[in-house]
Ligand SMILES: NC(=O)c1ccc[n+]([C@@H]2O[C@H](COP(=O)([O-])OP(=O)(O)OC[C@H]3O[C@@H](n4cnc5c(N)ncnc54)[C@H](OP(=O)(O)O)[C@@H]3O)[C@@H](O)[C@H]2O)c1
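Given next, in structure tokens, is a single chain: the form predicted alone.
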Amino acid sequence: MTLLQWGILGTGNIAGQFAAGIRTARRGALAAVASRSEDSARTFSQKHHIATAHSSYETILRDERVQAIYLSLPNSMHHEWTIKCLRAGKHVLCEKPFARDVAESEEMFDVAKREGRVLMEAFMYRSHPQTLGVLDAIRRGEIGQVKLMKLSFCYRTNKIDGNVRFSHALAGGALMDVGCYCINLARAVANAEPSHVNAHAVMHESGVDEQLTASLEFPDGILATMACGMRVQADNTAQICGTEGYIEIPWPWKPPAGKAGFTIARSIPPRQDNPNIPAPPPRQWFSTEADRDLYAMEADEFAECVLDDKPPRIPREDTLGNMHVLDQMREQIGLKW
């Protein structure tokens, strides 16, 4: 079977997770990594058993063995380097958030179309059977008509100095870093774009949002609330509530190996509706274990787009829809680049 030859642009934390995960991929292999630091590139390549380490971003673009780039640079650099990769003839899997705004995103996709290359945003959780199972259950009507969603993605870090997430120049902030996941899932569940968005944030002294809450209103009376933060702890779960039940997802953003899944539950109806309904309410666990790492599944789906001409899991319209919401929320909290 033909394997897609990958190059990694950047050696940060998320790049390490991708490199470790792709070892279980079926359709791809790591060929090279690039950093602006020779030491960083060499250390990363040795740790992840990558044959070639490039000491500049430019040189990996001239590496003829590399067919696709996993771009894990800071948010502010996605636009520039995605376009450079595409013009160098590389397919690109670009980390979320795709770019700083809609305008940058549209240009990136336009270049990809002109160059005849695959370009996709890297929301890895969308490739996991857990996410696919949840969306399938909703489409089948397992919880009736969706009415409410409650989503959170937070983490607590005390490392501020040198942290790209707290850098305004690098387009950081909680919304761009992890809030984009909540928006993405809400839109996928609603299968629509929000008609109204309302966001509130606490700003860090560095100029980016430290924590944010928001509400989204979708057609057909669907409401979603979300919370994200970089210096606060939360359960980081997702709950999707419908007229006939609700879905609980304990690990929506990064399903763990061996115990991924979700619960479909039904509350006890009010007694005036039916006094004979027995208690307790039924709860059913749906296991969605995977045979590969989360990032390997994402890489394999991308490889299928390149090698088999399959449509991307996250198409242009999906990414632009997410960016529109991010733009609206940033405007409401006064975060401009």
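All values derive from a computational prediction rather than experimental measurement. The first residue of the sequence shown is number 1, and the count goes up from there.
Not on display, but discussed next: the form predicted together with the ligand.
Undergrad: For the ligand, considered in the predicted bound form: do all three of 209, 229 and 330 come within 4.5 Å of it, counting heavy atoms only?
TA: The answer is no: none of the three residues contacts the partner (heavy atom, 4.5 Å cut-off).
Undergrad: Heavy atoms within 4.5 Å of the ligand in the predicted bound form: which stretch in 189 to 197, 159 to 167, 243 to 251, 104 to 112 meets that?
TA: Stretch with heavy atoms near the partner: 159 to 167.
Undergrad: Is residue 97 part of the interface with the ligand in the predicted bound form - any heavy atom within 4.5 Å?
TA: Yes, residue 97 sits close enough to the ligand in the predicted bound form that at least one of its heavy atoms falls within 4.5 Å.
Undergrad: Can residue 47 be called a contact residue for the ligand in the predicted bound form at 4.5 Å between heavy atoms?
TA: No, no contact at 4.5 Å.
Undergrad: Using a 4.5 angstroms cut-off on non-hydrogen atoms, would residue 320 count as touching the ligand in the predicted bound form?
TA: So residue 320 does not count as contacting the ligand.
Undergrad: Is residue 310 close enough to touch the ligand in the predicted bound form, meaning at least one heavy atom pair within 4.5 Å?
TA: Heavy-atom contact with the ligand at 4.5 Å: absent for residue 310.
Undergrad: Counting non-hydrogen atoms within 4.5 angstroms of the ligand in the predicted bound form, say which of 89, 74, 144, 261 makes the cut.
TA: In short, 74.
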